[in-house]
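In the structure tokens that follow, a single protein chain appears in two forms: structure 1, then structure 2.
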Structure 1
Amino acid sequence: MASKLLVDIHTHVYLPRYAALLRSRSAVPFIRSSATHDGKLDERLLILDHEPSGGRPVGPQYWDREEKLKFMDKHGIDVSVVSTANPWLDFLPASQAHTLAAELNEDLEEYCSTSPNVQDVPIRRLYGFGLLPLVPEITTASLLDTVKQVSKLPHLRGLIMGTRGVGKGLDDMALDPIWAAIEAAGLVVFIHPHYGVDAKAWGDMDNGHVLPLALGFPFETTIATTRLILSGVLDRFPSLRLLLAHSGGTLPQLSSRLASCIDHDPVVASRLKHDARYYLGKLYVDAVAYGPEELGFVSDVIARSGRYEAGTSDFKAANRSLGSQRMLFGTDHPFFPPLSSTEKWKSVVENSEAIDAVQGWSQADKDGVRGGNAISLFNLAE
């Protein structure tokens, strides 16, 4: 029964405490309020420098748990593993980040633990990813405290983090004790983008948010994960469970090029234990790629990783079923709302239909991606 559930592992919230913080601010990130011409409250979220618009309209779907449950009901989603949306605590001074992380983790535990059960199954409808106060000048002790806090909150099963670490990225050796603690606690780390790449790359034409979202976000995830691989984190912490947003960004398509560039560069050629492609088989990725060919390809790249464990490369076909076991349905709610009023959200329908249409995935594979894999990864049936 539990193996047929639909589980959304990429779904965000600004908890009321966090939304209040955003409303109190006047620099990015913040929520700006005004009145519409007919006197209604108009709230806009600005989260990026040089936001290429007047901000996104925000409302209760960003903070109200009932709205999350309504969205889930509308789309047949049984369980959501909810995470704070970017930019998390990145913009706060260390002391405030530490306190707020602890408070938001408690808030999210409450949000989940008081949620209803899935009908006929001893699983709640909401679980969560906690937050760490990953900001410059935070102490290792503070980060380790928060890992410990999250590991003791029964409905939090992982941590979401951006790509900046404590200011120098995720390949910063100073994070080694944190990776060790996360690995030991068995928490899943959801790596999620926020900053993209330098906006000068987008040029002068007004393309709305398309370039930073469609390209910048996956580039950022790709860079962060590649830097993690190159720093040896996955060699030193082989049981660390990393979940990459947006199907791993572009790392799957660049992984053979990456392996070749490493092989041809005297600085790094001898550094890692394995061919770069091996590490993709150690990762988990969401299935938020909007197309069946993309999902099938990503599962091939995960599946072929074993080929590179020993450094051999026989090219028998990658086993897509095997790769599917590390892929998990997600929606990115409440982002990407439909432009016009529709029964279901197009962004959700696209991701759902893409899973159904992957060539070479059995029904069991698809059920796994839709929910079974998440139930295992997050131990939801415990």
Structure 2
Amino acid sequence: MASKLLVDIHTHVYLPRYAALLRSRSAVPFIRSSATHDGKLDERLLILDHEPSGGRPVGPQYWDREEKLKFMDKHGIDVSVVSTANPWLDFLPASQAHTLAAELNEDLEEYCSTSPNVQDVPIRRLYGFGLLPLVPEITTASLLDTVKQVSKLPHLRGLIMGTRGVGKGLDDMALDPIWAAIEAAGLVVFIHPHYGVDAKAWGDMDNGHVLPLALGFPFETTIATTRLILSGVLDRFPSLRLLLAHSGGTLPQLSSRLASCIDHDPVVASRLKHDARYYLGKLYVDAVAYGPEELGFVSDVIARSGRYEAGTSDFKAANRSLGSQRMLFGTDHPFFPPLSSTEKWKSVVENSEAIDAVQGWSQADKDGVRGGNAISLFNLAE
């Protein structure tokens, strides 16, 4: 039964064509290749400045489809909606980014369309988020061309994008034609961080990657999404479907503070049709939060959004079950692997157990977060 499937919507791949590009480079982002003392190939991925330990070890799990399927089988995942991992095409000149986006979208379609079906269900095991060549100096025509391409590739059901847009952020008015095209095509936009915040905020102590990843990534998502809300994008494109990584960062926690600040700033208050808290109910978030209390809180914030629609005076208690309908399971594979190949991935187990332990979610709610919501959002049962 499709509604009982486990669907992973936050899972990445570095397609072979993309990995080859990274191997050809010598500055971040790149893959550094060297030989170990016993003559074996050692490849290290560096996608962030100051990567600890000289980069993360990479291997077939980053690009081999069979490795992705093995990971899915090991963890009981029926379907994955796969996305190219950060930093996407951000580091390329416009002409190269446009060409490579088209090629990688075709590659991802092939990766997904030739995957097996879920047993006894007419659904492929792999679907994908396409790439947009969102780089400075790209033309609107090039971006619209790529949206059209992705919308015609049957196994690509959305687009992944970072937070920089074409250089000025996602609230850049120059992106309005792109949002309009994405909305019209019915594609889901997965907003994912890469740059974090100013590294000076982390101080001088060596804390590895903990602060940039645990705090910098979600803060980046929070800022980018807040700017989108403040710019009126969700008013101008009310059917736009945005999916936020890492459970929306800190936006759920800070949404009432945001609303209060807007109320006291007439420039912004006059720009928006609704209280800022209303817009959180227009968003989707992954359930990559690792704890049941965090997931429950996020679902509460989403659930209460209706009371903040302009003209509404109904302030009844939020229905946590309602909020769960905008939350979707994710793993962040292939990052943070276990130390032993025989172990299940701790991050996957923690996220799965967190969904099970949320107080106030029915079994149907939990099944929805695990897969039913994704089946509906991405029209996978078609």
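Between two forms, the rigid core is defined as the largest C-alpha subset superposing within 1.5 Å. Just so it is clear, the model here is predicted, and its values are computed rather than measured. All residue numbers here refer to structure 1's sequence, counted from 1.
Only structure 2 of the pair represents the form predicted alone. After superposing the rigid core, the Cα of residue 26 is displaced by less than 2 Å between the two structures. Shown in the overlay between the two structures, fitted on the rigid core, is a CA shift at residue 35 smaller than 2 Å. Relative to the superposed core, residue 342 undergoes a C-alpha shift of no less than 2 Å between the two structures.
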